[in-house]
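Given next, in structure tokens, is a single chain: the form predicted on its own.
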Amino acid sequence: MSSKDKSKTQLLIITAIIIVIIIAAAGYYYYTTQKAGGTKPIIVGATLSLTGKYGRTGEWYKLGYELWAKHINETGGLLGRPVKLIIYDDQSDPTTAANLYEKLITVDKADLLLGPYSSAIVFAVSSVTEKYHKVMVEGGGNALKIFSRGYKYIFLTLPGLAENITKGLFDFIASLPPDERPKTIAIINANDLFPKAIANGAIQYAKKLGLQVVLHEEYPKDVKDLTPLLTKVKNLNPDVLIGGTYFPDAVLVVRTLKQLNWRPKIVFLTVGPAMPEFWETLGEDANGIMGESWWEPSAPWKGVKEFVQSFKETFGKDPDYHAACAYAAGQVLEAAVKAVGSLDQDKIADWIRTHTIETVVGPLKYTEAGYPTLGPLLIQWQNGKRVIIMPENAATGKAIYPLPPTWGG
């Protein structure tokens, strides 16, 4: 055999060996990742408002998602596979978020989806996830409008709708002796889907109790000065001020009221008062401010103690309800995937809709539309602590009512 023929023969042998190695590697990869569960990660995707208007709140969701993924991976993963989180910054913008969920689904090939923050962003994103028949579990958007479109793949972990947020407040008012009840209410809210829903719900509750709404006015969601609006409210002198707010404008309301040296008998604001940063930012000025909380560290739900302890050990601070609702979103996905034994989106959606799921925000039983119906707590800041006022069977203290009408009082 000539040296030339030998070289050809050697080349053919080497080529054959390489082909065998490739086939063997491919077979091994298929077996370990598809047949045996293997180590190919399950990709769980989400966007969050890590910058922009909702950046401070979005960070809580990120921590909640990360803690869930940490716990999952420490206990064997899902379906024998580790969980890998992909979280993009949607910059607090609905259009950006919708485009990023399209990327998560079509480019990143996310197996499971967690939700973003704020009703406006969830509303935009859920149309994308529905189009691709991808389950999304979220704890950041609870306006009724989101769940009124007949969608089958979106599920909420906030224990109720935005329209019901003021229920605890009005239950408290109804519990007062008739001669002590407030008579007039002013409602202000940011011009955004979630705060609008809060205001609409408050108006309905006020009507049921026969209370007069003397003002209902909206302000831009990126408002920097509420002095003109709150001066107008002060001149009407209502007994109750309800604010459909996020964290930044909740803080702004309190600071402006102090500048005006005026308080009605009740100040109820949303989102901000439920966050530890509210007291850290305002200090004593937060005293007496009421709000809603979808979850508290003192709640009697399964796993709350362990969640709070692990969160504090991992991140060096206590969780708020945003972090709890984010963690619960992971728990819902986890329970469904384990129950159906696959990543089949239709099976996962059907299972969630037909089962009660134990989470750190309570046992979640879903309506056909995809939201649970537990309802929020009424809280009030008292000397650096969030005190539960309503419902009565969960109360940890009595309300400061009425508030002193001036900040020096």
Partner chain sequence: MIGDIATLTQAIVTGILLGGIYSLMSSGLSLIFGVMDIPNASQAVFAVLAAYITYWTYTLVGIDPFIGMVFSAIILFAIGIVMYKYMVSRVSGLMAFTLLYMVAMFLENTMIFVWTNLYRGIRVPYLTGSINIYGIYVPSDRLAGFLISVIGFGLLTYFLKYTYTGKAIRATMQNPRAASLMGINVNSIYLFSFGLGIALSGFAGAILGIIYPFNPTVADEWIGVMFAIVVFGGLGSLMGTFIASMIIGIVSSLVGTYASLVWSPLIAFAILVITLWVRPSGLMGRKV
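Positions refer to the first chain, counted from 1. Definition used throughout: the rigid core is the maximal C-alpha set that superposes within 1.5 Å between two forms. This structure is a prediction, so every number in the text was calculated from the model and none was measured.
FYI, the form predicted in complex with its partner chain isn't displayed, but the following is about it.
Across the proposed site, Glu218, Pro228 and Lys234 without exception bring a heavy atom within 4.5 Å of its partner chain in the model of the complex.
Only one segment in the set 165 to 173, 255 to 263, 197 to 205, 122 to 130 has residues whose heavy atoms sit within 4.5 Å of its partner chain in the model of the complex; it is 255 to 263. Only one of Thr75, Gln309, Ser148, Asn191 comes within 4.5 Å of its partner chain in the model of the complex through a heavy atom, and that residue is Asn191. Out of the listed residues Glu102, Asp89, Asp93, Asp285, Asp285 is the one that sits within 4.5 Å of its partner chain in the model of the complex by at least one heavy atom. Using a 4.5 Å cutoff between non-hydrogen atoms, Arg56 counts as a contact of its partner chain in the model of the complex. Within this chain, Asp239 is remote from the site of its partner chain in the model of the complex, having no heavy atom within 4.5 Å. When its partner chain is considered in the model of the complex, Asp108 lies well away from it, no heavy atom lying within 4.5 Å. Contact check for Thr281: a heavy atom falls within 4.5 Å of its partner chain in the model of the complex.
After superposition on the rigid core, the Cα atom of Lys134 is displaced by less than 2 Å between the shown form and the other one.
Gly80: CA moves less than 2 Å between the shown form and the other one after rigid-core fitting.
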